[in-house]
Structures are given as C-alpha cells and as structure tokens.
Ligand code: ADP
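Consider the single chain below, provided in structure tokens and representing the form predicted on its own.
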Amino acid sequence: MKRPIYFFFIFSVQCLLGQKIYQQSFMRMGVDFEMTVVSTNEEEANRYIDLGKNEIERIERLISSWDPSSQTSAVNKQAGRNAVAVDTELFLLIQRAVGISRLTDGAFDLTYAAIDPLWVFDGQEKSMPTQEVLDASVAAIGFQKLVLNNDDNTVFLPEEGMKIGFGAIGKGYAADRVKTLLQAAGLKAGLINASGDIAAWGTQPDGQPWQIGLINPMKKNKVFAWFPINGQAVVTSGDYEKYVTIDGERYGHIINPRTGLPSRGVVSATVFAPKAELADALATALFVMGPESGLHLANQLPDVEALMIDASGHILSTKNIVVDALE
C-alpha cells in the first residue's frame, strides 16, 4: 500500500494563452486522489476531472476485492473450485502482474491477499502471529499457482484460500488509465496523484516541468529532495505512515509475501518509471527485496530509477540518481 508522501511544487501563474492550474481532491478506491489539470477555464477543467473520476470508479468496480460484485471477488470466491472468465482488461492486468512477480522472484505477488486477515494495522494487533498461522497463510500465496487461460480469458486459483488483490498495483494502473484517457480527450498537461502513485504529462502553464518533493521519513515535515517529472510516473512505498508496535518493536504495513511478516530494514522505496503501474509494483518489490537486491534489479531495467532509505537513514539509489544525505 502506498501513502501520500509527496509535496508538490506547483506554480499558479497564468501564461499568455490564459491557461491555469485547477486541482480537485476526492476519495476513491478507499484512498485520497488528487487531480491537477492545466486548462483555460474552470468549466473545461471540471469536465476533465469528472472524466477521470468516472474512469477510477470503473476500474474500482473491476478490480476491488472488497466489492462482492467485482470480477476479482468472483475469482477469489471460486478459489479451489472453478475458473472464472474475466474481461480482457482484467486478464491482461493479471498477466502483467504475474510478469512482475517473476521479475522480482515473488517480492511482488498479487496472491499476497491470502494473508490480509492477519494484518490490519489499525491497533488491533497485540502480538505476532504464531509460526503455524504464518505458515498456513503463506502456503496459500504463490503467483506460480495461478492458472491463466488465454483462449477464454479465465483465471483459476487452484487452492482453496488463495486470493488475488491489487493493493500494490491497482492505484498505479488507475493513474495510468486516467492519464491515457485525458490525453486522448485533448488535455495537454496534468498530474494524477493516486495516494502517492503519480502519473504526469505536459508542463505547468509557464512551461516549467512538474516538480515533486520526497519527504524525509525520519522528519515527515521536511522534503529532502526535489525531482522534475515530465511524462513519467513516480511511486514511493513507505512503512512510516501505517504500522503497529508489538512488544516495543515497530512493524510497518508492507508484508513480505514469502514470510507473511512485515518487511524490515527499509523505511521507503521510491521508483521512477514510464508507467505508474510498473512503478507501483516495483516500489513494493524493492521495499521487500532490500537495497542491495532491489537496486541491483532496478539498475538493469530500462527507464527505471530508484531511491531507497534504510532504517538507519542512509540514502541508496540507482546509478543515475545523486541525492545528498537526509537533513
């Protein structure tokens, strides 16, 4: 799960063509969204924003595992029993997710949802799950078990208790879809912030690129680095906004699918990529993998950069990013 951990540096100047920045915040998919569009007037801007909202709602109805009428819920309900035919859009999203799971050796795994009931991170957790409980939950996780049939777009979870969930890729996918839709509708510049999953295109009215600031996870009221983004996506996974304390130890909400336990040793992982969907999944995967393995992977991927902060506050990054120490 991603958190809104960016500050935006937006100039509200009006250019010669009369274009201005219009913003609107709203709740969708259970999280905060913010849409920023560059337009000549408020009426036109609101039309674009409404178009984006409708698209997010459509995607939520498709992928939400909390909506009992969604195709995702249908797949989960039939685990261990029957394959379920789904829309091509959902089938392809699952295929891509499985591809990222292979790439990250399961550090990202959309079948992680089987472990959801163990960790709520709302203060209810007072003790660690027993190893027996963890083993039973992890046994139901495994992207390799998914059976995808290209001929009829069916998805089959072969074992009872298996589940798929899009918490670590769905908001990024929604941001990408809104960006594509609004570009096709004629919007030349905008920025979608899906609770920290960001997709941007075009420039601000004065021609300057969009700028995002990464918050220091050790001092959450401070920005430690600014980055221009133009046609890119950026996503950060962090464990400092949502966590529980058990026996004096702090446990963040990003779960390692291989162990069923919260990942330790990293406090944030930021990924820059061409698509928010990819950045979303990779940010979670790198967080789970840790700096050495995670950054090694990121350095091998085209048009991908990453920056990580470990539990000691050290900044580690891919070869093309240079950032000073945290202040």
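In this text, residue numbers run from 1 along the sequence as written. Source: prediction; values computed, not measured.
If you look for the form predicted together with adenosine-5'-diphosphate (ADP), you will not find it shown, but the lines that follow are about it.
In the predicted bound form, R96 stays away from adenosine-5'-diphosphate (ADP), with no heavy atom inside 4.5 Å. Among heavy atoms of A233, none comes within 4.5 Å of adenosine-5'-diphosphate (ADP) in the predicted bound form. Of the heavy atoms in A200, none are within 4.5 Å of adenosine-5'-diphosphate (ADP) in the predicted bound form. Not displayed here, adenosine-5'-diphosphate (ADP) is kept clear of A175 by more than 4.5 Å at the level of heavy atoms in the predicted bound form. Of the listed positions (V86, I100, A114, I255), a single one reaches within 4.5 angstroms of adenosine-5'-diphosphate (ADP) by any non-hydrogen atom in the predicted bound form, namely I255.
Here the chain stands alone, but in the predicted bound form its contact with adenosine-5'-diphosphate (ADP), taken as any heavy atom within 4.5 Å, falls in 277 to 285 among 45 to 53, 32 to 40, 277 to 285, 295 to 303. Contact annotation for 168 to 190: residues with any non-hydrogen atom within 4.5 angstroms of adenosine-5'-diphosphate (ADP) in the predicted bound form are A168, K171, listed in sequence order.
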